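Listed next as structure tokens is one chain, alone, in the form predicted on its own.
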Amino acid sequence: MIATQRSVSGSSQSPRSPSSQPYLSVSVTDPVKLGNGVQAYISYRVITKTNLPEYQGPEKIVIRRYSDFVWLRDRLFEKYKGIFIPPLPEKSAVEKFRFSAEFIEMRRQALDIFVNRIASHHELQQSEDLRTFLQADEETMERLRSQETGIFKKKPADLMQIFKDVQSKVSDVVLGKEKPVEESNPEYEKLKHYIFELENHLAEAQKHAYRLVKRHRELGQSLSDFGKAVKLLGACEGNSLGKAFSELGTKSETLSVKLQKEAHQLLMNFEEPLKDYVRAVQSIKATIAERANAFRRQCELAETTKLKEINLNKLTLMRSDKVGEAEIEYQELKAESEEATRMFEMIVRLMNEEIVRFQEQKTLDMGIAFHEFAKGQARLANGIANAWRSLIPKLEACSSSS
């Protein structure tokens, strides 16, 4: 596996020996707002450092926008069935948040994690699409994005046919003409249950992490307001009381800054990793859906192949002149059925490998996130306690003198 200079969490990590060991280092940096109004977007500088011979040189710098990252994700999802494609951060539709400094930094960090997860994956790092993403000029990327095909690129008539096919299948199921084919496998059912439960628990944890961030910010703002009010009150007083009030106000404002900083750290190092894993689980669910589709396809083709074989045997017994044509159809369908079975078995094998890798990485990342959370809360609590403790003698002196 190629060594990377970044971990999944995006932290720097130097390769042991870049000269003798293959390595691939990617950084997403320098977000810049371009354009105005609804046409405005953020561009990013993507820096690649590598000694791999298939790349154009030891260092390459390109400019990318969010839609380029979407292109890469979609291409990988289409080509690498059974592999959990790393998730992208959501695209904010709210104008006032879309270009805030905090949102831009969260987006940049999430995109950095996304591309480094791909670069560190033993299969995905070999993708030609990744090399294109990391090296192609902006005009090439724009052309590639415009050439993409998929459900949202299809003509209205094609979409209508898709919807009619879906409606027909749903009707058949409802009327009892067709039962949905589903994989019956205890281990697979256990996996699905685990993923759906994990999504619920992660989403719940992320929701409360968001509330913690909000609470820190609100408390910080309240302390700031309180500090200003107490300082004004101190200005009205004289002697030691006024001085004590002034110091109380200053301490409150200092603690307000600490709380706001801690709220930002909590957002970036705790809430965002939880949100990222919610997205990762959704990506796994997309792979599960692909596995279900592959299973249904292999079952349908196996059934159709069996019917074709029965028909071929029947025509052979009847010495029909259509035997030759039926034989060709049967062999073609049999080959297609065998390919569908190989595809399904490959997806199953890859998913089994991927879930082990996912759980190991999740244990590491969640351990880091919760460790950072605990350290931050301890640091904040000590800072607050020390700040208030330093005021106690002066406030006691004021109260005793009165």
Partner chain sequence: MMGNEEADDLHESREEMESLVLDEPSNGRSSASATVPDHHDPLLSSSSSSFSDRHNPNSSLNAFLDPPSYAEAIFTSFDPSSNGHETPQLSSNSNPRSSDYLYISISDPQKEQELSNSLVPGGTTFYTYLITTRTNLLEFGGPGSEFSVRRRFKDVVTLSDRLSESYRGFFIPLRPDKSVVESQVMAKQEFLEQRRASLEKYLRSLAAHPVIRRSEELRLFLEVKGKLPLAKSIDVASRVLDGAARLPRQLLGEEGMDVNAKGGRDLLRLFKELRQSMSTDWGGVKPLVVEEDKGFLERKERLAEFEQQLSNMSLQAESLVKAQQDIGETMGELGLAFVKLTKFETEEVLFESQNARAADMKNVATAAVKASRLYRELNAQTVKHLDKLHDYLGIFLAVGNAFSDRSSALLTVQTLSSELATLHARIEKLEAASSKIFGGDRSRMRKIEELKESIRVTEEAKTCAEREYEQIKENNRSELERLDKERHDDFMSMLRGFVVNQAGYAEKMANVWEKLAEETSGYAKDGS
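Numbering follows the first chain given and starts at 1. Since the model is a prediction, treat every value here as computed from it, not as a measurement.
Another form exists, predicted together with the partner chain; not displayed. Remarks below refer to it.
- Comparing 109-117, 303-311, 192-200, 328-336 against the partner chain in the predicted bound form, the single stretch with non-hydrogen atoms within 4.5 angstroms of it is 192-200.
- Each of L232, F245 and L391 places at least one heavy atom within 4.5 Å of the partner chain in the predicted bound form.
- Just one of M343, I42, I47, I368 comes within 4.5 Å of the partner chain in the predicted bound form, counting any heavy atom, and that one is I368.
- In terms of contact with the partner chain in the predicted bound form, the residue from E237, E290, D74, E123 that brings a heavy atom within 4.5 Å is E237.
- At the 4.5 Å threshold, heavy atoms of Q21 stay clear of the partner chain in the predicted bound form, well away from it.
- Put simply, Y66 is far from the partner chain in the predicted bound form: not one heavy atom of it is within 4.5 Å.
- Within 4.5 Å of any heavy atom of the partner chain in the predicted bound form lies no heavy atom of E90.
- By the criterion of a heavy atom within 4.5 Å, S222 is counted among the residues contacting the partner chain in the predicted bound form.
- Contacts between stretch 29-64 and the partner chain, counted in the predicted bound form as any heavy atom lying within 4.5 Å, involve no residue at all.
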